[in-house]
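Included below are structure tokens for two forms of one protein chain, each presented in isolation as structure 1 and structure 2.
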Structure 1
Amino acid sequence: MLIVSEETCQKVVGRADAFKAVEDVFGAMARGDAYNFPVIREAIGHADALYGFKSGFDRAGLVLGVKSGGYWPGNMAKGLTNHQSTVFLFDPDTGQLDALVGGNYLTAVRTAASSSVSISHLARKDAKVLGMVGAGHQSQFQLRAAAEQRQFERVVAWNPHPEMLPKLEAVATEIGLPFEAVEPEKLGAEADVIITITSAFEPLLMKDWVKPGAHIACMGTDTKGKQEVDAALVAAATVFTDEIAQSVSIGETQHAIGAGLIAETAITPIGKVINGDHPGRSSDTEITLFDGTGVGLQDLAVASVAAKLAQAQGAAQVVSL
């Protein structure tokens, strides 16, 4: 059995590795070659934490496993990331445990890969302004990954807690993009691509603020009750997602569905665009929206890549059970 530490994952898995792994597994899901098992996610009644399991099987890639972890909102004050998780990979032929892989960095990089896959396939080719709603730990991964998908000329950003924006600005400066802190109305009016990555339970971005032709990647809503954008904005957009079942139950579309503004049949798995079975964006004025709920197969895909790369580079610890 392999043990791949957090430090090793950061050394061996880059953004390009994560992008390919996520893109491939989204395509496999749309073909019916990979499927997620029902998610378990509960408040444990201690430390305000949410804890649960995401699991699945990728028949095409022969990846079977489970991600265990959750969200501890007080961790930042302790010098830890709020999201904590570990991935267990099993041999699909025998059921034996193959690898134990740190999941914190991989969760961040696979979430960023998910939104960047959506930008690659759905955003206008001439997108110039990137809008960031949210400035937490994950936003820095989102910004770096998104910047590689289009020739962005600048970044506009807003966060409910503006004192957190300088860290995001530092990343933009590092990769050579001018950065401006703005109000959300201005962000919506100027941004060609918008990434929302918060833990909000109310809309932060309204329909009337967003300009025609924008692509929005909603990456923060992964629990019943969470919400980042106006339900009317979801209804006005052409909607894509990682998995429809999660989108309508715990994702951004739950509110538009609940209000009767859209039907489940209006939501398209992004894997269909990746596979060439759906055209994706149909015009330069169409608003496209990707509801990135975060599926277990994303975690398993990047963890499998981490295990293979770590083993090939001699960076994994080998233990006997």
Structure 2
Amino acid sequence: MLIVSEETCQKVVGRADAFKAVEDVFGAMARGDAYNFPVIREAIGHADALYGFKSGFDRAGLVLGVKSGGYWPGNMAKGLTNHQSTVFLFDPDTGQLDALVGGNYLTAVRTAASSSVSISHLARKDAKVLGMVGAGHQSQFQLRAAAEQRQFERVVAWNPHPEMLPKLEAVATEIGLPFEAVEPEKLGAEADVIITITSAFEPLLMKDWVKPGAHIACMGTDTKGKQEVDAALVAAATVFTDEIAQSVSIGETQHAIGAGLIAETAITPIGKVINGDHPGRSSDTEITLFDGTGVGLQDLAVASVAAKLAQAQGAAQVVSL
């Protein structure tokens, strides 16, 4: 059995590894080769923590496992990240534990890979301006990964807490992209690709602000009640997602569905585009929207890559059970 630490995951798993793992597993999900099991998420009545499991099986990649963890709001004061998780991988032939893999860095890198996969398959090829709504922990991973998908010339950004923007600006500067903090209306008017990655419970981006041909990756909404964009914007867009069941229940489309603005049948799994079973974007003026809700199979896919790379590089700890 392997133990792969957080530090080792950061050393061995790069953005390209995560992109390929996530793209492959989205494709497997759309073919019916991989599926997520029902998610458990509970307030445990201690330390204000939310704790749960995300599990699944990828028959094509032969990856079986569970990500266990959650959110401990008091961790920051202890010098720890509030989100904590660990991935357990099992041998699908025997059920034996194969690997314990740190899940914190991998969560960020797989979430960034998810929006990147959507940009790669759905954004206009000539996209030049990247719009960022959000400036927290995930936003920096999102920016780095998105910047590799198109020949972006600059970044426009807005965050409800503007004091958080300088950290995102530092990332843009590091990767050589001019950065401008703007009002959300201007962001919508200028951006060809928009990533939303906040903890918002009300729309931050309205339909009339977004220009024709934009691609929007909604990445922050992963819980019932959360919302980042106008339900009318979702209704006006051609909508793609990682998993329809999560999209309509805890993802960005929950509000447009609840208001009767769109039907579940109007939502396409991005895996269909990856597999060549859906054309994706159909015109330069169409607005495409990806609802990235975050599925357990993404975590298992990148954890499996981490375990393989760490083992190959002699960076995993080997323990007898």
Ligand code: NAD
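Residues that one form lacks are left out of the comparison. Basically, rigid core = biggest C-alpha set you can superpose within 1.5 Å across the two forms. Everything numeric here is computed off the predicted structure, so don't read it as measured data. Quick note, the numbers are simply positions in structure 1, starting from 1.
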Which number goes with the form predicted in complex with the named molecule? 2
Tell me, please, whether between structures 1 and 2 the C-alpha of Pro73 is shifted by 2 Å or more, with the rigid core used for superposition. yes
Is the shift of Thr238 between structures 1 and 2 large enough to count as movement, that is, does its C-alpha move by 2 Å or more after the core is superposed? no
With a threshold of 2 Å on the C-alpha, tell me if Asn82 counts as moved between structures 1 and 2 once the core is superposed. yes
Name, in sequence order, the runs of three or more consecutive residues whose C-alphas all shift 2 Å or more between structures 1 and 2, counting only residues present in both forms and superposing on the rigid core. 42-50, 71-82
